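Only one chain is given next, in structure tokens, and it is the form predicted on its own.
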């Protein structure tokens, strides 16, 4: 069965039939298709385009198809069609008879698929938000476990300053909070009904599109039929949000891959999320995290591909847009899967606070605190910076840590050297505690950050339920 064909004679090349089908992919939109058709049938009934009897027959048939699909989750494996819309109409014809031929009165596959894909984007964004909430809970769990633990903070992947471990985890919470907000924004823009736009010019039948939008759970109806059937901005946005969220996950993965290396030894992955080597018995590889890095690259490619797909399309609908579902479905599926794996990895990590603290001594991480203390005593920062830099160089040349440096040696470089400066130099906890300004890594600030994040996560979890 074709939804077109009166103009055509002769058979199509079977290779082209296979090349152009989308049923194998868009069959996952079946429930959206059935619901959109149900609401449209009712709208046609209200517009007196269908008789009451025809409305009953079509609705009964659509419900029967829905029950059949629900009973057999693998229903599509035994079916074939050009697309899911054709399959539904053909199946409806077997059940409802001649009335099925009136199903697409004033309606096109163009506005139908645009409606279903927007609906999918709305639902997908909510599922992705749940994935982020799960990840948030894992981050918060770790942030609260070792409230006083310090670890080296890095810039350029070189030791920089001590930070609280909780501050580290909450930095990623901030990233994923922005991703959550972007999903909310994306869903709001997707919440617009194209159905009733026809192929491109609108419908000549008196369809109440505002009522149709409400019946299908959309916030509004599209204002321009030409744009409505060809717009895929929402798909690009959602694919971008997925790719950016996975960039954040990939950064987290990279950190944990490094930190789980014995050269760092800050964390150990649970066996549930690691693999070994077929040759080297001692190996414990962070494959879950490496796969997240790899899948981030794939999803970035999907987002870029969607933009490339749209860049040269004239108005309105073009068959190129059939490819949008490949990119969007894969981006969403991959992001959901990565959120779930990352949440499990983070939740089950074993931390080594002692190893983290010992690493803070290796990179002179309190050097800036020494300079700051000299500034408090009246020295210009440039002078304090230079003195402390010379002290670090002196230690490096002699391969000695700060704690083994004699007071006389230190005083020869920093004349103001005393017990207070030595205490500052040897206390990464004190260094962290000095960063008391809003957003800093001092314990009081981190506690406030943690409380805010917990409250937000709890509120949004209740709303999601």
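Residue numbers count along the first chain shown, from 1. Quick caveat: nothing in here was measured; it's all calculated off a predicted structure.
Not on display, but discussed next: the form predicted together with a small molecule.
Highlighted residues 132, 243 and 336: none comes within 4.5 Å of the small molecule in the predicted complex, counting any heavy atom. Of the residues given (231, 83, 330, 237), 83 alone sits with a heavy atom within 4.5 Å of the small molecule in the predicted complex. Put simply, of 292, 113, 391, 306 only one has a heavy atom within 4.5 Å of the small molecule in the predicted complex, and it is 113. Shown alone here, residue 322 lies within 4.5 Å of the small molecule in the predicted complex, counting heavy atoms only. The closest heavy atom approach of residue 109 to the small molecule in the predicted complex falls within 4.5 Å.
Within this chain, residue 317 lines the site of the small molecule in the predicted complex, having a heavy atom no more than 4.5 Å away. In the predicted complex, residue 26 approaches the small molecule with a heavy atom inside 4.5 Å. Checking 89-97, 363-371, 322-330, 282-290 against the small molecule in the predicted complex, the stretch whose residues place heavy atoms within 4.5 Å of it is 322-330.
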